[in-house]
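The form predicted on its own is given below as one chain in C-alpha cells.
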C-alpha cells in the first residue's frame, strides 16, 4: 500500500515503531483485558476513570483495557540494576476526548523501567520529540518538573485540598486566582512569590533556564532544577532543541509523578496528542522499588488531520465504461498511481472530493477535471 493511501494514525504507527526500534525498544503485547481491580486501585492515574467491565466465566470482574502502562508495570520483572525499554501499539477502550463516548482508540507509547538515570530521562524526551516531529514539523514539547513544585509546596505544608487548588491555578495559568489562594495560606512569603514566579514562566529552554536558575538558587527545589537543567542541556546543538519549551502549567498527579513531565502538541489540534513523565511514585504504589518514565501518543486526535485538513478523499478518480479493455484500465491506473491514490469506478460518486477526474471511454483516456 502506498504511503499516501494511509490515514494519519496509520502512518504514525508505522513511523513511531520505526523510531522506537531504532533506539532498541522491544515491542510489548498485552491481553485485551485485565482484572478490574488493577484499574480501580489506580483510577486517578487513568486519562478517564470510566472503564468498561464484564464478568468472566469464573465470576471474576474484568475490564477492557483503558491503559497500557499499569499492565506493563504489573507484568514486567526486573533484576537489580536492570533497565527494560518497551514500546507498544495497543487498542485501548476509553472515553474519547473528541466524542465524549466510549471508543476503541489506537495508542502508541513506550516505557523505560528500572534504574532510571538522567540519560534515560533525556532519551525518552528525545523519543517524545521525534514522535511529534514524525507527525508534524510544526510541533512543540512542553516540559515541566513535578519535583520543583512538590518541593516548594511541601515546605509550605499545604493541605491536600490546598495543593489541589494551587496546582489547578498553575495548570490554568491563572496567576490572579493563584495569588488569592496563596493569600489564605500561612507560609513563607518568599515561597509564595516563588510559586507565582513559576506560574508565569513559559518559553524555550535556553531562554528560561537562566531565569529559573536565578530564582531557584538556594531553594529546596534546587536539586530538582539541577536535574531538569542537566537533561535539557543535552539538547543543545540538536535540531530538536527548538521544539523544547518549559511550561509549569504542565501538571500531573503528585501521587504518581515525581520528576520530569511533558506534553506534546502539533499545529492544527487544540489538545495535547502526547503525554508522559517520570512516575516513580506509581511504581512504589504498585510495590516496585525501581523507577519509570514513559509516554503515550493518542492517535485518535490525529483523525482531525484526515477530516479537517485533508483536501481530497482521493487523488485521482478513473471512470471507465464496459467498452474499455482491462489492459487500458490497468495501464491508466498504473500511470496515475505514481502520483498518489487512485480509485476506479464505473459510476461517479458525487460525494467524493478528488483532485483529478479521468474518463476511459472505448479505450480513449481523457482528463475531464483537474483541481489545484
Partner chain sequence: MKKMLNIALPKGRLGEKAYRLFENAGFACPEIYENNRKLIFENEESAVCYFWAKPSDVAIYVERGAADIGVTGKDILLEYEPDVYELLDLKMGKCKMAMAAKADFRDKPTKTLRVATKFSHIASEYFAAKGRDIDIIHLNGSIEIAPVIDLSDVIVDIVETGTTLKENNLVVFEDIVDISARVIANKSSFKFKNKQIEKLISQLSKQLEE
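Residue numbers count along the first chain shown, from 1. Remember, it's a predicted structure, so these values are computed and weren't measured experimentally.
Note that the form predicted together with its partner chain isn't included here; everything after this is about it.
Peer 1: May I ask you to check whether residue 172 falls inside a 4.5 Å heavy atom distance of its partner chain in the predicted complex?
Peer 2: Residue 172: contacts its partner chain in the predicted complex.
Peer 1: Using a 4.5 angstroms cut-off on non-hydrogen atoms, would residue 176 count as touching its partner chain in the predicted complex?
Peer 2: Result yes; residue 176 sits at the interface with its partner chain in the predicted complex.
Peer 1: So in the predicted complex, does any heavy atom of residue 249 sit within 4.5 Å of its partner chain?
Peer 2: Yes.
Peer 1: May I ask you to state whether residue 202 is within 4.5 Å of its partner chain in the predicted complex, using heavy atom distances?
Peer 2: Because a heavy atom of residue 202 falls inside 4.5 Å of its partner chain in the predicted complex, the answer is yes.
Peer 1: Look at the stretches 121 to 129, 278 to 286, 139 to 147, 219 to 227 and give the one with heavy atoms within 4.5 Å of its partner chain in the predicted complex.
Peer 2: Comparing against its partner chain in the predicted complex, the contact stretch is 139 to 147.
Peer 1: Quick one: of 105, 194, 208, 269, which gets a non-hydrogen atom within 4.5 angstroms of its partner chain in the predicted complex?
Peer 2: After the contact test, the surviving option is 269.
Peer 1: Could you spot which one of 265, 87, 256, 298 gets a heavy atom to within 4.5 Å of its partner chain in the predicted complex?
Peer 2: The residue from 265, 87, 256, 298 that makes the contact is 265.
Peer 1: Would you give me the residues of 55 to 92 that have any heavy atom within 4.5 Å of its partner chain in the predicted complex, in order from first to last?
Peer 2: Going through 55 to 92 in order - heavy atoms within 4.5 Å of its partner chain in the predicted complex - there are no hits.
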